[in-house]
Each structure stands twice: as structure tokens, then as C-alpha cells.
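A single chain comes next, written as C-alpha cells; it is the form predicted alone.
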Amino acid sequence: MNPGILSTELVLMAGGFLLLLLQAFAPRLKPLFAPAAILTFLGALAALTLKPSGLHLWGTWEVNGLTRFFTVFFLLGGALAVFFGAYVLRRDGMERGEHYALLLWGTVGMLLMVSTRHLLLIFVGLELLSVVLYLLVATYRRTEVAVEAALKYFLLGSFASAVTLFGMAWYFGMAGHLMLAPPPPPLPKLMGMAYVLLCAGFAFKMALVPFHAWAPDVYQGSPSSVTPWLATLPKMAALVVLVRILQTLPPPLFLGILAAAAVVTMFTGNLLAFVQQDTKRMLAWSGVAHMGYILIGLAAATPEATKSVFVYAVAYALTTLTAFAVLGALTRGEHEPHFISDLAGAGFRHPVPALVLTLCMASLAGIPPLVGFAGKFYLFYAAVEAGRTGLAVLGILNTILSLYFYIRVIYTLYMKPAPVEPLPDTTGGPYRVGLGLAGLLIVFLGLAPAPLFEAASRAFDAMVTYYVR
């Protein structure tokens, strides 16, 4: 076996073990833990060049445009999460080597999920990622809200994993194998039940209605060093698996269900975001709505629509990760709520974080010329081209509805007077530089989205299409 097949995963695993050893035997090197984790992510990115394209490990492991696209996405996103999270952890005196080790190992779980069609390997990746998330949410274990969030996530996540495993067992019993592949027509009813259970399990990770109830509480209770990563990259890994599952189904069986789920998810997320006073909870419900937009692309079921889903996934993840990173900078501590009203006057007291947060809110709202607008335009255009004009119109209507709570944050930053005790900004210059670069990337990909579209097209070309005309 060519060792380069697993080069990226091996680098991440080794980096995690090294950080654990450093925490145990050289704790005085704590200031080097975050740089070491970032270098590990970049080293894993370099190791990606060693992976030979094709099917490996008896046909269970794929190396192609799709896996490379999301591998680069997960590695760069993980490096950003470490960079922003390190300042929050140091500020609160919570920086430890195992935190970064868990991020590295969680990334391995996501890579397992996107690199195979074998259900057993997908489940191993899912469980590795899930255990990492449970532990990371409970990082501030002496904070009541963090413990509550971790417990809720653990209980609901365990149930979702059990449902997923049951679906895989059912699939094996009906198909006689564990490789995702189109079943011979007509689809047996019992096989349909296996697909329902599988989709339900991964819909939980994406926070799709009605499997979304965990998201607001978990996002609110998670430390600001974890929420940027938790709210974005695991959802994208689950999205890839969900797309693979849908590829194996005859389109008439799932297009109507996806369309209905898209409408319900969009309206639920946006309407409940209206009434939120906590910024994290607002972004959690906003994230639910954005997963509904992604379902529009899946329901359109054309090559262009699937490409638009990948583009939109990157746009959403980049913008949301950056937004949560800004909230980590503007807070009195993880034991305090993150009320929207606390941001009053921050636009003038902390201009760089406030400007970047403004760009994030505008991008999530779909305001040009930011990457969120490019993603939504491409997504809705693909839906219209596929004959899903009604879904596109409802998506645009939901975009208009969402303007209220996104603009509310911007209004509070610049139009509301600062409170008697304004929010501090305890981060340093490098953190603000990082936020600034992330903000520039949001603008650049909105003005020049062609490289992102081309990368998404190459990823799609590696997949088996599942569209109809």
C-alpha cells in the first residue's frame, strides 16, 4: 500500500499525539502549542500532494477532486479556528495541548467522512468527530452553561448516532454490502427505511428541521474558541455524506421531500432568529436557515445546482467562522451571555472587529459584493434553471426576511450609544490582523468568485451525478 494514501490523516494524528505529549511533559512550552497545531494543519495540506488519485484500500478510499476540495477546506478552516481560538483560550487561562489535539483529530474524522462511500468508515469518522465535539463543547467545564450544552449535545448526538447506525445495519441487511451504491429498481420499501434513517442521522449534524433543536443551546454554551469550528466544518462533512446518499436514490423519491424540508428549514430558522437577544443564538438559528438554502440546491438536482451547493457551503462556513471569531474578541467572558445589545458603540471603540462583523452580517444577508451574495445568486439561479422557480422565490423571500436581524447587529454596532461598561477587546494586534484578512477574503471571493466556482466544478466532476431533466 502506498503510504501517501493516508498522508494527510497521518500527519494530523501524529500532530495531535505530539501536542498531548508536550502538554504532559513540557507544559512550559504552552505558548508554542497553537503555532504547532497551525503548522500541523499546513503540513497536512502539504502532504495532500503525496496522495495518488484514484480508488484505494480495496475500493473503499477515494482520492479525487471532491476529496481534495474538502480536504483543503477543512485544513484551512481548522488552522483559522486554532488561530482565533488561541487568543480566547489564553485570555481565559484555558489553553491546553489536548484542545488543539482534539481539533486535529476531529478533522481526521471529517476527512474519513468525505473520502469514502463505505458506511462503516463513514460511521468511524462520524463517531470520531462526535466524541471530539462533545469534549470541546465542555472545555469550560466549570461553567454551568457549557456543561449543560455539552450534556444536551451528548445525549441528542448519541441518539442520532444510534439512528445512523441502525440505518446502516438496515442497509446492510437489505443490500448485502456497506458500499453506498444505487439499489436495483424498484426500490424496496424496507430499503427506503434504511435511507430515511441514514438521512435523519446526518440531517442532525447539519441542524436541519426537525433535527435542529440542539443548535441554539449548544452554540450558546460552547466557548468562543470552539463555536467557530463547531458551527461550520462538521456541517460541511455531513453535507458531503448526505449528497452521496442522495446520489444513490431515484430522484422522484427524494426531490419533493427535499423541497419541503428546504422551505420548512428556511422559515423556521429565519423566523426564530427574529426574536433572539443573544448573538450566538441568533447565528445558530441563522445557520439553520442557511442549511435550508443549501437544500434548495439539492432539491434542484442538476449539476449546476450541486456545484452551487459546494460554493454556498464555503461561503457560509467562511463567513460564519469569522463572525463567531469576532464575538470571541468582543466579550466579557465565557460565563456571560453574548447579548446583541452589548455590541452597542463597538463600531467606534473597536473598529477592526466591528468592521469585520459588519462584513460577516452583510455577507450572510446576501448583500453584494460579498461572498454570501455570490453564493446565493449562483444557488438561486441554478434552482431557476432547473425549473425550481418557486423554491428560488421562497429563498429570496427568506433572504429579505433575514435582513432584519443581520442589519440589527450592524445598527447596534454603529447607531446605539455605548453602555456604561462597554465590551472590552482583549485580543492583540495579530488577532485583529487575522480578522482583517478574513474580512478581505470575504470581499475578494465576492468580487472574484471564479476560482471558487472552478474548484467546486472540479469537485463535482469527481462525483456521480444524480440529476434529472
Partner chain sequence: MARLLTDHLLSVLIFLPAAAAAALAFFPGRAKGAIRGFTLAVTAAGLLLAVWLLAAFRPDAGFQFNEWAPWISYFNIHWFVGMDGISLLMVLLTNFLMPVVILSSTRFITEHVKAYHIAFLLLQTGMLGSFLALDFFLFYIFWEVMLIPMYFIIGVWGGKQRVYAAVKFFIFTAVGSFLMFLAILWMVAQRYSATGGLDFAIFSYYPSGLAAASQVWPFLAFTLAFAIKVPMFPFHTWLPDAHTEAPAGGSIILAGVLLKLGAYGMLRFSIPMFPAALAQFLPWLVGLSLVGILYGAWVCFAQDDLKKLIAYSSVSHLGFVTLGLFALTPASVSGAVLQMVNHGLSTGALFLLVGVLYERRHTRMMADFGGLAKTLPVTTALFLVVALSSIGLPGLNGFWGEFLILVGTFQAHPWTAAVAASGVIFSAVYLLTAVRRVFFGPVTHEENTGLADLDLRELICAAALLVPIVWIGVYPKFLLDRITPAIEHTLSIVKGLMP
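Quantities reported herein were computed from a predicted structural model and do not represent experimental measurements. Positions refer to the first chain, counted from 1.
Omitted from view is the form predicted in complex with its partner chain, to which the following refers.
Undergrad: Ile410: heavy atom within 4.5 Å of its partner chain in the predicted complex?
TA: Ile410: yes, in contact with its partner chain in the predicted complex.
Undergrad: Going by a heavy atom distance of 4.5 Å, is Glu95 a contact of its partner chain in the predicted complex?
TA: Although its partner chain is absent here, Glu95 would stay clear of it in the predicted complex, with no heavy atoms inside 4.5 Å.
Undergrad: With a 4.5 Å heavy atom cut-off, would you call Pro188 a contact of its partner chain in the predicted complex?
TA: Pro188 lies outside the contact set for its partner chain.
Undergrad: Would you check, heavy atoms only and a 4.5 Å threshold, whether Thr399 touches its partner chain in the predicted complex?
TA: Yes - in the predicted complex, heavy atoms of Thr399 and its partner chain come within 4.5 Å of each other.
Undergrad: So which of Val288, Ala362, Val240, Leu104 reaches within 4.5 angstroms of its partner chain in the predicted complex, heavy atom to heavy atom?
TA: Of the candidates Val288, Ala362, Val240, Leu104, Ala362 is the one lying within 4.5 Å of its partner chain in the predicted complex.
Undergrad: Which residue among Pro210, Pro250, Gly256, Pro369 has a heavy atom within 4.5 angstroms of its partner chain in the predicted complex?
TA: Result of the distance check: Pro369.
Undergrad: Where, among 376-384, 110-118, 263-271, 190-198, do residues come within 4.5 Å of its partner chain in the predicted complex by heavy atom distance?
TA: The contacting stretch here is 376-384.
Undergrad: Judged by heavy atoms and a 4.5 Å cut-off, are Trp58, Phe69 and Ala79 together in contact with its partner chain in the predicted complex?
TA: None of them does, since no heavy atom lies within 4.5 Å of the partner.
Undergrad: For the stretch 388-405, I need every residue with any heavy atom inside 4.5 Å of its partner chain in the predicted complex, listed N to C.
TA: Those in contact are Thr389, Ala392, Val393, Ile396, Thr399, Ile400, Leu403, Tyr404.
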